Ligand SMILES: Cc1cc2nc3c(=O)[nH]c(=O)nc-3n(C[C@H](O)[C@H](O)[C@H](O)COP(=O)(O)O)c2cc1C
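The chain that follows stands alone, in the form predicted on its own, written as structure tokens.
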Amino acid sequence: MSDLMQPIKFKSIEVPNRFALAPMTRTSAESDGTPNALMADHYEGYAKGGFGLVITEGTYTDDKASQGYANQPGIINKVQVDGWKAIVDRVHAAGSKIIVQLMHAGAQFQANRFTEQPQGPSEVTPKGAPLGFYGNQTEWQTPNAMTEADIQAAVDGFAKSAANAKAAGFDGIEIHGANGYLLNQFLSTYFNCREDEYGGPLENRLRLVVEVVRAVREAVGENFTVGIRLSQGTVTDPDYQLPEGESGFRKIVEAVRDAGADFVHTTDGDVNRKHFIKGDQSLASVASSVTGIELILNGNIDETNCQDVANQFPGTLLAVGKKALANPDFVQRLKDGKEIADIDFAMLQPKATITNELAWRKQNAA
């Protein structure tokens, strides 16, 4: 366990240990997307609890169609940047590093204060039902197929938000290319039915992802850590698989590396799930076979398997989600050999907000 607790160089970031807080939507910003003191307490708690790296929740990137949830934070104006700066300062003071996750919801859109119409690669609605944790919407809307102007606006939003993140003092940026949000939708043959240069073969479906990575890299310069979260499945369709299989996923990882990404963050239901139409490796094992790029791994990592995963994938960071929600001091508890609780999803009811979590904690502490 000692190697998990040792400092590690992750590109330009000196991380105190190999544990990262996985990005988790909390819908607790102000109605105008400004991060607030409640969020500062929340993220500082994970830093004080021992997480070497904190990855924020998905943060919207423009005043058009990127926002996906009510009370989701943004990073598109000075007030929002200042709100994030206060959080960054608190996390740094507690001894941890912090990177912001930049997200465009695309078709997976439950609330947006700028528009009532979602956008996506094609006029295809997500599978399943919207997430009750994040709103009362009962059915997905059908998105408008994005025009070239819409696509360029999305790229510009990522780039401007990346520059804002650097100004706020973040240690790096994670582009959200997973879980059914916009960039994942362009990669998906379910969502992406386009017949132009952004649709069809994988090299075309990859085009927007590459453009965003390049634009973000250009916005922040060479010596600032930039990465991307990748998955096959979505939050409502976890079993979607790329038709190109392992070789296709390897091409995606190589393409984002060549476009300027320093790391890839893979996420799946289990870090070792063998989840390809063609091939028998996991997302993590395919990504680890690509040279010249760092890795963050996510997928049911907890106190029972973290050492095995660390041994299997040397030098990677391990992102913890559900166990972190249950135990904000997960890393310190692990280090001290203390009991680590399982998550009680009642803490996220009726919505997954920090306020409801705190009310649950107060009730269960009584």
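When you see a residue number, it is the position in the sequence shown, counting from 1. Predicted model, so just to flag it, every value in this text is computed and none were measured.
Although not depicted, the form predicted in complex with this ligand is the subject of the following passage.
- Taken together, the three residues Gly106, Asn184 and Arg207 lack any non-hydrogen atom within 4.5 angstroms of this ligand in the predicted complex.
- The single contact residue among Leu53, Val320, Ala29, Val331, judged by any heavy atom lying within 4.5 Å of this ligand in the predicted complex, is Val320.
- When this ligand is considered in the predicted complex, only one residue from Phe224, Phe133, Tyr240, Phe276 comes within 4.5 Å through any heavy atom, namely Phe133.
- Here the chain stands alone, but in the predicted complex its contact with this ligand, taken as any heavy atom within 4.5 Å, falls in 299-307 among 332-340, 60-68, 299-307, 34-42.
- Though the partner is left out of this view, Gln141 does not reach within 4.5 Å of this ligand in the predicted complex, counting heavy atoms only.
- Though the partner is left out of this view, Arg229 does reach within 4.5 Å of this ligand in the predicted complex, counting heavy atoms only.
- This ligand is not drawn, but in the predicted complex it has a heavy atom within 4.5 Å of Leu348.
- Although the partner is absent from this view, Val15 stays clear of this ligand in the predicted complex, with no non-hydrogen atom inside 4.5 angstroms.
- Contacts with this ligand in the predicted complex, taken as any heavy atom within 4.5 Å, map to no residue of 197-227.
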